[in-house]
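Quick heads-up: the structure tokens below are two forms of one chain, split into structure 1 and structure 2.
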Structure 1
Amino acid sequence: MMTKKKFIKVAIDSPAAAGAGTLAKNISKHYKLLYLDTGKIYRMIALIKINQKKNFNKKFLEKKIKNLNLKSLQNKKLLTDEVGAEASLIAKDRNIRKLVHSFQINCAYRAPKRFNGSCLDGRDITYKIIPDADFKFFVTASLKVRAKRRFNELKKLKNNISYSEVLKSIKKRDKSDYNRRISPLKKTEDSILINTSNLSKRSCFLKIKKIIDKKIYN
């Protein structure tokens, strides 16, 4: 049986399209953890700004984030290029980052009682949002594999996208994530590296499950 010695916190950082989102969802479902894709929050804010530009200000945004429904982060519109481009700009705004970080930390440390803990994935989760996480993972994959995955994902939304465009976009995103001045993407020394390039979704899940089970089960 599982020894619930404390609230379980799982932190995952990864570059774009490495498979961390799917992995985090599976982990959250198995262990009954609150799941939050932190990058989607910036995309949601971007979508709000695009659709409600006239009302977009700090007070309006504070209210939106406070009442944010996590299910709304599954909106497929969040994957569009327009939203992605706007999200990249928004993520550089210090005031917006403070609001988002506050929301993320609240999810990480104050998940509703029906959950056994929390699982967050993003770019700065292991060292900025949950530095004391019980489990830290850095999930990655080769550039070509990640581009192929994102291409297949976007192909379902529009037919005129090309693999070369997606590959170029992923390269640009990597450069931005790893080199940005505020909260850059990096692997911390205490994070476990998980390379998903040659692993199925099931294999990735079982690999992490083995690591978590070893610590939480007696």
Structure 2
Amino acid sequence: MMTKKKFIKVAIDSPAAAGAGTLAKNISKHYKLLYLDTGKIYRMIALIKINQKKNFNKKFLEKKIKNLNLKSLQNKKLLTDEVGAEASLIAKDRNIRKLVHSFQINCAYRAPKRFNGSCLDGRDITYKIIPDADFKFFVTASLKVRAKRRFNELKKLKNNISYSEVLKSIKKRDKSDYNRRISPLKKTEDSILINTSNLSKRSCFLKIKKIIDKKIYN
């Protein structure tokens, strides 16, 4: 039970495979927050582009985005490396970012009453989507640790992919996400750095919980 603040907003930015998703899910579950993995939105658009290349235009996309809901983002096909790589490309498009902006704002600021707030993770959450978040985190890990984690995830999905391919793909994605002109990945000054390289999932969660509890219960 939260005492002082009724609605808390948690914003997390992170490079690919840093463990932000698991962390955000655990935080959301613990504090009863609406969780949105914003990367899934770009992945969904990427999947549409891969599967329906011929129809892929602004009008078609607008219609798809209108029907966007949290359930539609649970599709397992969104998890492949191919979709992730394409997502990183389409995420550079200013018009596509505009189309998905209000969906993210709705989740962040207008979560249904059964939630105590919201928790979003992505690349531009701390400074563009929820600049006034109560808690801002930049979650990262070394390149090798991230590649290993993503490799293990993809192996579970029975993806026929090697570690070196995954490493290469993550490097490419970092380059693109950090250096693009529109909504680049960055750590804002007011974000707390969480390096998950040598931490278990539980330790990461406890670290963040301590920070949140200190602010909301004191």
Ligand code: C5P
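None of these values were measured; they are calculated from a predicted model. By rigid core we mean the largest C-alpha set that fits within 1.5 Å across both forms. Throughout, residue numbering runs from 1 along the sequence of structure 1.
Visitor: Quick one: identify the form predicted alone, either 1 or 2.
Guide: Of the two forms shown, it is structure 1 that corresponds to the form predicted alone, while structure 2 does not.
Visitor: Answer yes if the CA of residue 114 moves 2 Å or more between the two structures after aligning the rigid core, and no otherwise.
Guide: No; residue 114 is a residue whose C-alpha shifts by less than 2 Å between the two structures when the cores are overlaid.
Visitor: Quick one: once the rigid core is lined up, does residue 92 have its C-alpha move by 2 Å or more between the two structures?
Guide: For residue 92, whose C-alpha is compared between the two structures after core superposition, the shift is 2 Å or more.
Visitor: Examine residue 40 after superposing the rigid core and state whether its CA is displaced by 2 Å or more between the two structures.
Guide: No.
Visitor: Residue 51: how big is its Cα shift between the two structures, in Å, with the core superposed?
Guide: For residue 51, the C-alpha ends up 3.9 Å from its position in the other form.
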